[in-house]
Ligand code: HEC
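In structure tokens, one chain follows: the form predicted alone.
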């Protein structure tokens, strides 16, 4: 029988393995980041995510895993539940207008993962802020 967090840790580790065309490697400057300004993320202006908030809090890792399987195993690159899409929508800006990595202390991904005691291994390989032009 799997532990309470066993499946989420397993899924996070599986996500680390996915780095393909269009994915960016983790940013080197993510170690030092300024605090994000409330209301500067695209998600801050929306009423709901790709699914209701309660569902996303409980199941986001399953959506990301499913997206990974479709992309890696079937070669289909759609963006319905991509990690890059999550980053693009939930990343905040600092007071200078620069992106603040989502895994920086107190930011979107790290805040929840710290709260529930789950590891956040995705960004060992994946970018923590959008890599395209602003």
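Residue numbers count along the first chain shown, from 1. Fair warning: this is a prediction, and the values are worked out from it, not measured in the lab.
A second form of this protein, the form predicted together with ligand HEC, is not displayed here; the remarks below concern that form.
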- Can residue 89 be called a contact residue for ligand HEC in the predicted bound form at 4.5 Å between heavy atoms? yes
- Query: Can residue 99 be called a contact residue for ligand HEC in the predicted bound form at 4.5 Å between heavy atoms?
  - Reply: no
- Message: Within 4.5 Å, heavy atoms only: does residue 95 come near ligand HEC in the predicted bound form?
- Response: no
- Message: Would you classify residue 53 as touching ligand HEC in the predicted bound form, given a 4.5 Å non-hydrogen atom cut-off?
- Response: yes
- Query: Relative to ligand HEC in the predicted bound form, which residues of 44 to 60 have a heavy atom no more than 4.5 Å away?
  - Reply: 46, 47, 48, 49, 50, 53, 56, 57, 60
